[in-house]
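Starting off, we have a lone chain in the form predicted alone, written out as structure tokens.
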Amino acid sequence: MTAQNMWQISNIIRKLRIVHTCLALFIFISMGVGCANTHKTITEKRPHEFTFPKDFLWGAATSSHQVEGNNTNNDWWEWEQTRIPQARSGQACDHWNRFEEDFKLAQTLGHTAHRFSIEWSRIEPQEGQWDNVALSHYGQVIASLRSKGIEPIVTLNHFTLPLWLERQGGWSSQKTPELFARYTQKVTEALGGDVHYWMTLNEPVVYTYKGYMVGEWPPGVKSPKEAIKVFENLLRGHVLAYEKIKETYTRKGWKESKVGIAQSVLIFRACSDTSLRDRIAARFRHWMFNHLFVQALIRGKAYCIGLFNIHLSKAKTLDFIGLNYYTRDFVLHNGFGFPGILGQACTATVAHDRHTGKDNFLSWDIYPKGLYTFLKDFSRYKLPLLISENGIATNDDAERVSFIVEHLKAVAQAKEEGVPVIGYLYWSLLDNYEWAEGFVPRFGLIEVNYLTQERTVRGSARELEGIIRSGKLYYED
């Protein structure tokens, strides 16, 4: 045997060892080995104090259709009348008329930031026709926040679309990204001088899934092909809007803008840890729902073999990432085709047996550790992270207090480990219209009597105020 042949054999053996090692590592990760949990060490709990930075953003969030009332010119209003008449938004919280009162309450609670959305159907009620009165109204909203020392965080599209745009196909139309960019430019030019933080889209993956995969939200489509088209158009819409905001700020000579999105994140666990298929479905969902959209905006492309190959005109179009975190879900594999590989939710019985925590009013598993997991996970992108939504629907305000404190512990732990978290916004400032769930779920720091529109500050809001004003969180490790 020649020296060359011996070298070739040796090289083949080395490559086989690498493949074997990688395969073993994949199996190890897929099995979700929990050796560390097999033998629990009993340790004494220790009191701990964490101090938040002075510039940490504290506050709450709302969205136009959920609180303003009488948004009669958008697709959700139309959907309510025909599909869910038992849950019509109507006057909602009358926030359109009562925003000053609501922001005064936020000020008394020590809030330093407030996230709200602008209603596209009010700004552009007909294609190419702009309502300057509506623009002026949102200017007053921003001025009201500024006068109270509250940083406005503006969302440009929180699920709803003008009816004229919905008639043209909404986000499934190739024209919509350009129309969204035009709307963005109009709003930015009118309001940008007093806004530092912009969020182009709220939960684009949730919107795609609910509206175009399972058909539970308008337009009620059930088509993976249409869903992929919408997903791509939302990506392109964000990139164009990002460019419009940056161009406008440069041209106007305004202070630097920060542009991001609000990305819904959800912990996915296999229904059965012993099922490789369930674990694959959970991992695939994690990538598709939690990371794919953000990765595409950072890399300028999105690819999934056999499904799509999207190339965007620009990469790195995020200045920060908003995370909307509420719960975790348990996934059961139901086929290797698409969307079967995404799996489906376990039955209620299985899910109940698998989780160890409590459920909220909507039967969402309460899992504070998940927020820490995502903050660490998303730190890979090396961008500031804003908790843009985190809240609980409950009629037990003590449960709300516990929810807030436990999730803030997760934030504190992440920050102590160097994760760049810049703020925490509770969902929501007010009890409000919760889409297809109507007015039954109560998320608000402030209770709303929908018959009288009377506001009542809840004890949980005061508990959060204490943390905000002291800047400190006391808890046991």
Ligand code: GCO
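Residue numbers run from 1 along the displayed sequence. If you're wondering where the values come from, they're calculated on a predicted model, not measured in any experiment.
This next part talks about the form predicted together with D-gluconic acid (GCO), which is not shown.
Enquirer: Tell me, please, which stretch of 413 to 421, 435 to 443, 46 to 54, 448 to 456 lies within 4.5 angstroms of D-gluconic acid (GCO) in the predicted complex when heavy atoms are compared?
Expert: The contacting stretch here is 435 to 443.
Enquirer: Does any part of N324 reach within 4.5 Å of D-gluconic acid (GCO) in the predicted complex? Heavy atoms only, please.
Expert: Heavy-atom contact with D-gluconic acid (GCO) at 4.5 Å: present for N324.
Enquirer: Considering only heavy atoms, tell me if W58 and D-gluconic acid (GCO) come within 4.5 Å of each other in the predicted complex.
Expert: Answer no; every heavy atom of W58 is more than 4.5 Å from D-gluconic acid (GCO) in the predicted complex.
Enquirer: Hey, in the predicted complex, does Y183 get a heavy atom within 4.5 angstroms of D-gluconic acid (GCO)?
Expert: Answer no; every heavy atom of Y183 is more than 4.5 Å from D-gluconic acid (GCO) in the predicted complex.
Enquirer: Spell out, yes or no, whether the shortest heavy atom distance between W254 and D-gluconic acid (GCO) in the predicted complex is within 4.5 Å.
Expert: No - in the predicted complex, heavy atoms of W254 and D-gluconic acid (GCO) never come within 4.5 Å of each other.
Enquirer: Please pick, from D75, D329, E389, D278, the one residue with any non-hydrogen atom lying within 4.5 angstroms of D-gluconic acid (GCO) in the predicted complex.
Expert: Of D75, D329, E389, D278, the residue with a heavy atom within 4.5 Å of D-gluconic acid (GCO) in the predicted complex is E389.
Enquirer: Of the options F308, W364, W164, Y381, which one has a non-hydrogen atom that comes within 4.5 Å of D-gluconic acid (GCO) in the predicted complex?
Expert: By the 4.5 Å heavy-atom cutoff, the listed residue in contact is W364.
Enquirer: For 183 to 222: residues with a non-hydrogen atom within 4.5 angstroms of D-gluconic acid (GCO) in the predicted complex?
Expert: Stretch hits, in order: N202, E203, W217.
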